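Just the one chain here, the form predicted on its own, laid out as structure tokens.
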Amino acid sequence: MKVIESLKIKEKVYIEQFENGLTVLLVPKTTTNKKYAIWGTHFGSIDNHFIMPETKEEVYVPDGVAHFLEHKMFEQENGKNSLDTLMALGVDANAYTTNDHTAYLFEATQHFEEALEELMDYVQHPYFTDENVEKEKGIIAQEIGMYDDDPAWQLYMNALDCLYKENAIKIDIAGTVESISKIDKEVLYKCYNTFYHPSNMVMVVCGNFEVEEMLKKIKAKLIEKPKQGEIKRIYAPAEKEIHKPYKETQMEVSQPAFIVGFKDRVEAENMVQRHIAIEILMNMLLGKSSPLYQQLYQEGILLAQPDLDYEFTKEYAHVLFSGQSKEPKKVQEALLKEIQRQKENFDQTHFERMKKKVYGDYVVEYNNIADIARMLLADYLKQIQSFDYIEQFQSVTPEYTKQILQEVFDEKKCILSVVKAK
């Protein structure tokens, strides 16, 4: 068993890889009575074109399959729904699909062993029929309709449409009503058998438990499967330029909303360092204590503190500033001016203050077992060790951060997505 430790935050992660390829990350914590388990597969909405490892068959699947599969996994052959079974045990259970992975999870103070057995049972025993697949299409079509009417989601999807021309991240995670109409049980089984192989999955358990005992419980419920070769995923070629600078949609909203985005390059050197520098820069530029935010808020141009996000995998990377404003273009113009000002006269005192703030945010995440588990899962699937954010923090210097400012926050790579009132 491999053990990774961060002395700075006094945390340990025990890593075990079983013979069938499943990786398990265990984080024991004696300071809580809760336990949190999350089981994820490296299969998200962008994985719609791939070559099957065994047959070498090239496969295209309809948009929304990963999300559709997540919905169907709870239904069991005996007629029960595993989500209902978990809820009846008194545990908080859920599942979600992202652009690059799907995860099944629960949090418990009691009945953890029974819940773990149920989780491992339903994730390893898919049950798809013509009838239950057809029935699900109506349910997911309603969900798609809800997202179509959600201003925040449309704002985000429009931003992605501005940033990328062909990249699969532009695909709505749930797909479209038309795309899900093409999904059948054969498609679901093909994707399940390819992507839900243990070698493509990671389980994280965090909470109050003994490591060896937890490993035994997991191993006892694992189904033995022959080893599988690498899944060859086929994506659109990387795009350096943005697709379009501006997109506007009119919807039923009380206040206009905006996203100012910057396209970053994928597979840059040391993504952990880069991510830290970008987090610091976002806070310097438009964080709660930034001079620009204070100015725009006092002038009534910004209505609240914007959300600051950096999203990246090996297939996409971008910075997003999102918020509400009656004059979104003024926000973008002011932000670009502030970026230029910082490029010419970098505020080192503000940098040091924001660096401490971001470090504090990272440390606080380790207070919550759910945050720890989800972070470890998402980072592991990106081939990142989560502790690296803590260990590499001091290596992010003002000089390096200025370099990232020049490279990432480029006006030519900037987009504006706006949702206005009808």
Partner chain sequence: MKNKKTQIKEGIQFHQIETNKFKTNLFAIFITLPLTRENVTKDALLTAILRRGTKNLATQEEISKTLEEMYGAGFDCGIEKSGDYHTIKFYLEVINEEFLPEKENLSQKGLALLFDIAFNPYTEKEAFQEQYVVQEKENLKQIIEGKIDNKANYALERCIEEMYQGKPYGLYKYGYREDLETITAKDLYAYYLEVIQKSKIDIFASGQLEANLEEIVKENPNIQKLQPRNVNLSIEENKEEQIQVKEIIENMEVTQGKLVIGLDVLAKQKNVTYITMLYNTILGVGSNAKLFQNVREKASLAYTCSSNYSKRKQIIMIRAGIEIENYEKALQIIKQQLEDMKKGEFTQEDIQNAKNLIFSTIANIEEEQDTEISYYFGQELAKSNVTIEEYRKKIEEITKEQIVELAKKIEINTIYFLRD
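Numbering follows the first chain given and starts at 1. Since this is a predicted model, take the numbers as computed values, not measurements.
What comes next is about the form predicted together with its partner chain, which is not displayed.
In summary, among the residues Leu89, Ala168, Leu188, Met120, the only one with a non-hydrogen atom within 4.5 Å of its partner chain in the predicted bound form is Leu89. Just one of Lys330, His71, Lys247, His243 comes within 4.5 Å of its partner chain in the predicted bound form, counting any heavy atom, and that one is His71. Residue contact with its partner chain in the predicted bound form: Tyr366 places a heavy atom within 4.5 Å of it. The shortest heavy atom separation between Pro151 and its partner chain in the predicted bound form is within 4.5 Å. The shortest heavy atom separation between Gln324 and its partner chain in the predicted bound form is within 4.5 Å.
Using a 4.5 angstroms limit between non-hydrogen atoms, Glu143 touches its partner chain in the predicted bound form. No residue of the trio Glu57, Ala159 and Ile234 has any heavy atom within 4.5 Å of its partner chain in the predicted bound form. Between 43-51, 356-364, 377-385, 57-65, the stretch whose residues reach within 4.5 angstroms of its partner chain in the predicted bound form through a non-hydrogen atom is 356-364. Counting a residue when any of its non-hydrogen atoms is within 4.5 Å of its partner chain in the predicted bound form, the hits in 260-290 run Lys288, Ser289.
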